[in-house]
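The chain below stands alone and is given in structure tokens; this is the form predicted on its own.
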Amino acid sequence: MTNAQANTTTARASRLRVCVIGTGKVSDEHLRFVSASPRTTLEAVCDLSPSLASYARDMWKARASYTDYREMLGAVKPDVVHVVTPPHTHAMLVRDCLMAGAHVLCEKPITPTLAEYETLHALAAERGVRLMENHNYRFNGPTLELERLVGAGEIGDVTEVEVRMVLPIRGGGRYADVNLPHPSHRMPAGVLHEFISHLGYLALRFAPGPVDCWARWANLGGGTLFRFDDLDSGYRTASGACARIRFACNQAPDCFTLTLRGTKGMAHADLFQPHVLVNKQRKGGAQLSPLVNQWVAGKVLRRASVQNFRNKVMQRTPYEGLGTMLGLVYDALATGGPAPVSSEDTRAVLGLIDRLVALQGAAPSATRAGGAA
């Protein structure tokens, strides 16, 4: 064996052995990263569908495919497992992966409640492995730009946050099939439980520490399939900042936006059609700032329109932050450094969701929950 061959063998041996459970749409982003990263080898994929499992194996050049995750864990003995399955399966899959001695990265929501997460977190600590939840939109370009603006003091202290998502979940697709109801309909907040994690972790990133929550849950479309299809909620922090979390399915167009208002200006980010608009004091004083802000906004929108057209042609999705997050996850596993999404981050989101879910069915005048999370 030559020195070059020996070095290649050593490098491969030092890589983390990774398995991915679930081969749906989101798993493509996980598989793309794992198959290309110099820190990992994609040992196996697993799905209940043999055809989907074998397709993902061939597409991403995994070494094996399985339909039984327990068989895979026993045969491969992975260092890391990505759990990319519907939420109602997470607790069981995560528990078994932790028991097998693997680090686990799980799609959100990792569990329906904070109490269930605490059980898994304790097991991870007992087994000496890490348990991490995917908060991918925190690492999208527009969100990182908002963090930069806040860190640089360009909009002052944040006093108000709004996270808004509009998706036509009743207009067909996996959630709207009456004859084959999606399992997420059985979650505490119904199918909305799949989305409020994203809304919650973005709100908490810029307005941490909720002390007073409110919520209005509604089924505007009627019928018995959907528990809820609309959420208007929020909270106030100890510092006086206010956050609003909004999900709707009867509006247009589809959107996922994050807006910050501060003592010196405001910033608005679009995560589905990526761009960031900033309205702040500009050179030229208060009289010219509105004109400069409009001119800058026009320039930003023109650039964004071209780039977003390219994204559509190249089939780039809003999951672009996932690759950034996974890079940080594997950096942390390699160096022993802090995870990009900490257990405290996950606790904060699940605690907030618990409090919002607890307000289901409350009268409008009573839809508040005080006290620290």
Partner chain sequence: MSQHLLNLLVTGGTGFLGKPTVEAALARGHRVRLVVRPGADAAQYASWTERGVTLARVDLRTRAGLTEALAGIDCVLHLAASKAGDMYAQYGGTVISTENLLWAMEQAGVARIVNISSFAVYDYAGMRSGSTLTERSPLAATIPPRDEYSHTKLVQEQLVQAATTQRGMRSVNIRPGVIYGADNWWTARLGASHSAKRWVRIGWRAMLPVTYVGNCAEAIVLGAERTTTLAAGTMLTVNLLDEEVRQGVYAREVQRRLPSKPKNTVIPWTVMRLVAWGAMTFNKVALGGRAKLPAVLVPARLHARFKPLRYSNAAARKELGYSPRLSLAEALDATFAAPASRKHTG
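Predicted model, so just to flag it, every value in this text is computed and none were measured. Positions refer to the first chain, counted from 1.
As for the form predicted in complex with its partner chain, it is not shown, yet the points below apply to it.
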Exercise for review: Report yes if all three of Ala269, Gly298 and Ala304 come within 4.5 Å of its partner chain in the predicted complex by some heavy atom, otherwise no.
Suggested key: no
Check your understanding: With the partner left out of view, is Glu320 within 4.5 angstroms of its partner chain in the predicted complex by any non-hydrogen atom?
Key -> no
Practice item. May I ask you to state whether Asp345 is within 4.5 Å of its partner chain in the predicted complex, using heavy atom distances? Key: no
Review point. Taking 4.5 angstroms as the cut-off for heavy atoms, does Leu328 touch its partner chain in the predicted complex?
Key: no
**Study point:** Proximity of Gln315 to its partner chain in the predicted complex, heavy atoms at 4.5 Å
**Key:** yes
Revision key, fill the gap. Within 4.5 Å of its partner chain in the predicted complex, heavy atom basis, the matching stretch of 320-328, 336-344, 36-44, 23-31 is 23-31
Review point. For the stretch 167-186, which residues lie within 4.5 Å of its partner chain in the predicted complex by non-hydrogen atom distance?
Key: Asp177, Asn179, Leu180
